[in-house]
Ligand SMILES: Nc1ncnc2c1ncn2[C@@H]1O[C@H](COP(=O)(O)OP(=O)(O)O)[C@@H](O)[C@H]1O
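Form predicted alone, single chain, as structure tokens, below.
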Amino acid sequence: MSEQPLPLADEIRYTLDPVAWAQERVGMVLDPWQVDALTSERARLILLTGRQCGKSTVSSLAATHNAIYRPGSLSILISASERQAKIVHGMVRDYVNKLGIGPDMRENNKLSAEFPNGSKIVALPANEATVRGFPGVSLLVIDEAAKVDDSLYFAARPFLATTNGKLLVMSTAFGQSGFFYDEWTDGGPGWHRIKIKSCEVPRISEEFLANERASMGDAWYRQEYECEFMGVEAGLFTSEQINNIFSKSIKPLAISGW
């Protein structure tokens, strides 16, 4: 059964307030930082989070709300891998089903959805060859951005050129290089920056985090869960891992005349 029309006053309120829509219509319980992200009026939003904080929830809710309340709009969700792209888009599909509009969808597969009002959401893995040719994007999301190549980021930004659309970039920390690190540390005042450590999320227990620190070591833990951009000098790679990069079984190439 398709979703029943809402009173006009509620439609206006949900159009203007994505948090009220997410909580009352989708049934989500949001953390304060997620509320901050969904209600930000800035055109450029960057999220630095620890693992399992709920950043994909933000991106999927933002895209679904945009699709429902901006008829004919296009939202692009770029993830570091195809697996992650399917996970994020799977959350969109769950919201569509909760809202009861699934039967009315024009398209609703693992990586794309077309809504009854003509809006589209397309989820893509981070491959520069597949992300060109999407003009008129009103919402561009780049998930796990620290693991996305700079070339793809700069190829995707022009999507927003004719719409003055919203750019949402989010990731856990991963080294001191790349566009995500540059935008977070020195991207200027145009960005609305939100930082949330895993220890600040009530769903993640202290016991779990203590076990993670003991298992992975301090440097990796600080990067994965405490939003710290760790350099090579922090010891993120063990001597065994470095040695395994090289192979003694491969003989040097013999070049004639040398």
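Since the structure is predicted, the reported quantities are computational estimates derived from the model, not experimental observations. For every residue, the number given is its place in the sequence shown, counted from 1.
The discussion below concerns the form predicted together with the ligand, not included here.
Peer 1: Is there a non-hydrogen atom of T39 within 4.5 angstroms of a non-hydrogen atom of the ligand in the model of the complex?
Peer 2: The answer is no: T39 has no heavy atom within 4.5 Å of the ligand.
Peer 1: Under a 4.5 Å heavy atom criterion, is C53 part of the interface with the ligand in the model of the complex?
Peer 2: Judged by the heavy-atom cut-off of 4.5 Å, C53 is in contact with the ligand in the model of the complex.
Peer 1: Does any heavy atom of Q34 come within 4.5 Å of a heavy atom of the ligand in the model of the complex?
Peer 2: Although the ligand is absent here, Q34 would touch it in the model of the complex, with heavy atoms inside 4.5 Å.
Peer 1: Residue-level contact is defined here as any heavy atom of the residue lying within 4.5 Å of the ligand in the model of the complex; does M91 satisfy this criterion?
Peer 2: Answer yes; at least one heavy atom of M91 falls within 4.5 Å of the ligand in the model of the complex.
Peer 1: Taking the ligand in the model of the complex as the reference, which of V26, L30, A62, L209 has a non-hydrogen atom within 4.5 Å?
Peer 2: Filtering the options by heavy-atom distance leaves L30.
Peer 1: Even though the ligand is not shown here, does it sit in the model of the complex so that T49, T57 and R203 each have a heavy atom within 4.5 Å?
Peer 2: Heavy-atom distance to the ligand in the model of the complex: all three under 4.5 Å.
Peer 1: Scan 176-191 and write down, in order along the chain, each residue with a heavy atom lying within 4.5 Å of the ligand in the model of the complex.
Peer 2: The stretch 176-191, when checked against the ligand in the model of the complex, contributes no residue at the 4.5 Å heavy-atom cut-off.
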